[in-house]
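Just one chain follows, in the form predicted alone, and it is written as structure tokens.
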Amino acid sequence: MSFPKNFFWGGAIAANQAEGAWNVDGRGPALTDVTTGGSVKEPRYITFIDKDGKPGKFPKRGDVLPEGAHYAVLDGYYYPNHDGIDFYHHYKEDIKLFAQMGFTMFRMSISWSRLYPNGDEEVPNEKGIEFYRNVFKELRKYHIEPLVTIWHFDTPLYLEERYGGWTNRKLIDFYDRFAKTCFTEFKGLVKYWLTFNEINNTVMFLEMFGNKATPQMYRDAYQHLHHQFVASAHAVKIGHQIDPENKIGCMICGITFYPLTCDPEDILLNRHTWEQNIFYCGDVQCKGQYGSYAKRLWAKHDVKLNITEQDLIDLQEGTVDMYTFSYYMSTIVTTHEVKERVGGNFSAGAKNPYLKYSDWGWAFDPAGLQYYLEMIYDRYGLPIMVVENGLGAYDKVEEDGSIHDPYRIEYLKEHIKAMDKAIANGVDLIGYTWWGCIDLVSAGTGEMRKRYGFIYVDKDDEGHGTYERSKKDSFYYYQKIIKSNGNDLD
């Protein structure tokens, strides 16, 4: 196998899906805290009280908050992110299990509203800083390198309501303060950072679920992204100033797109899909400038960015040190009518006849990971990490407490083979963190039954359970892989 000796093996979680303790020790709410549970067939809803005091809801990926309304937690709804898997109180136990597997890296995020409950305070919440410092110290005790995402879909709810979220330029200043606090308070404990999780989702989801997407929604999305690009560039500069040892990366939702046919129109559509959904964000964060095709994308929806000369300078000066991405599946694009379609969680389009699909409609495509790795490394030439990869599946607990998950082992094995091929072909891949190394709340559906982990958490879709942790067969398989540095896949 081709994995280098210093390769990082580990797992990944996100604060909003795992921590719980949503209103403990001074933490403020985020949008995930007013997001209900759902399923593969039923969307998650965001709840609110309208200007007349009446309760309401709208799909997580659909409408927008009505004028005069405010977000609210309502009686009669279940909010799975409130408790997550209670990592907040179980982190020592969980990190010990990660160490048993042999992790050398653990990816996690910092809840912005745990450090700044509203997001615009001058002084951070000391209880929040203390919690994360203790987590990082615990990781260091086991020689596990933290990989920390600064923003993982959890803008403080107050910033969403009071300022309108990332469409408002003021959020750059609030994020700058938040990032500076992270770099300062955790200097010496954290070296590897990611500025924004799956930053490209802002536009990509409008495309994937575009029936209700209006031109104004696209204009807002591109402005939102521009402000995040500038904030990311600021974070890179701030992080390097505070500690030159810091390595700071972007994080892209990586999907490999294929044309359905060899019709030139399909080939051109596929290229344009890569440009809009993948390269648009990667080019700005890695190259420091918008690609030439950006003009085409903006013209399509009459986008006129609020962009300053200083913004352009900041983007040039704040390029990332490494490229990281998530990869779960590939998808098909075509200009033709198709009979067989997939409509699973975060996936839509023509069905690929050469691939198998999960219970949630995701294509099983390890070769797509190799393709993506080689495409991206050729484009940017930066060190790469795969920081999310995994399989959400139904797990059965046997009478003796064992959990046999050969489907997860097979998924892991084949994607490791794909990474090995990419490394052999010259890609500078430096790390791999399996998504949901411990079961957590699904971002897309809010379910617990959609399990990713090597470690089982006793909690169901209604929040019932003991929260007890137990090892699946895949726990021992990943343990063997890490010990052999990817050489023992049998």
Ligand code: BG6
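Since this is a predicted model, take the numbers as computed values, not measurements. A residue's number is simply how far along the shown sequence it sits, counting from 1.
As for the form predicted in complex with the ligand, it is not shown, yet the points below apply to it.
- Comment: 197 to 205 is the region of 197 to 205, 90 to 98, 281 to 289, 301 to 309 lying near the ligand in the predicted bound form, near meaning a non-hydrogen atom within 4.5 Å.
- In the predicted bound form, the ligand sits within 4.5 Å of a heavy atom belonging to Gln17.
- Among residues of the shown chain, Gly37 is not one whose heavy atoms approach the ligand to within 4.5 Å in the predicted bound form.
- Taking non-hydrogen atoms only, Glu388 approaches the ligand to within 4.5 angstroms in the predicted bound form.
- In the predicted bound form, the ligand sits beyond 4.5 Å of every heavy atom of Ala69.
- Distance criterion of 4.5 Å from any heavy atom to the ligand in the predicted bound form singles out Trp362 from the list Tyr79, Trp274, Trp362, Tyr218.
- Comment: the ligand is not present in this chain, but in the predicted bound form one of Tyr380, Tyr158, Phe257, Phe153 has a heavy atom within 4.5 Å of it, namely Phe153.
- Residues Ser442, Ala443, Gly444, Thr445, Lys450, Tyr452 of 441 to 460 are found to place at least one heavy atom within 4.5 Å of the ligand in the predicted bound form.
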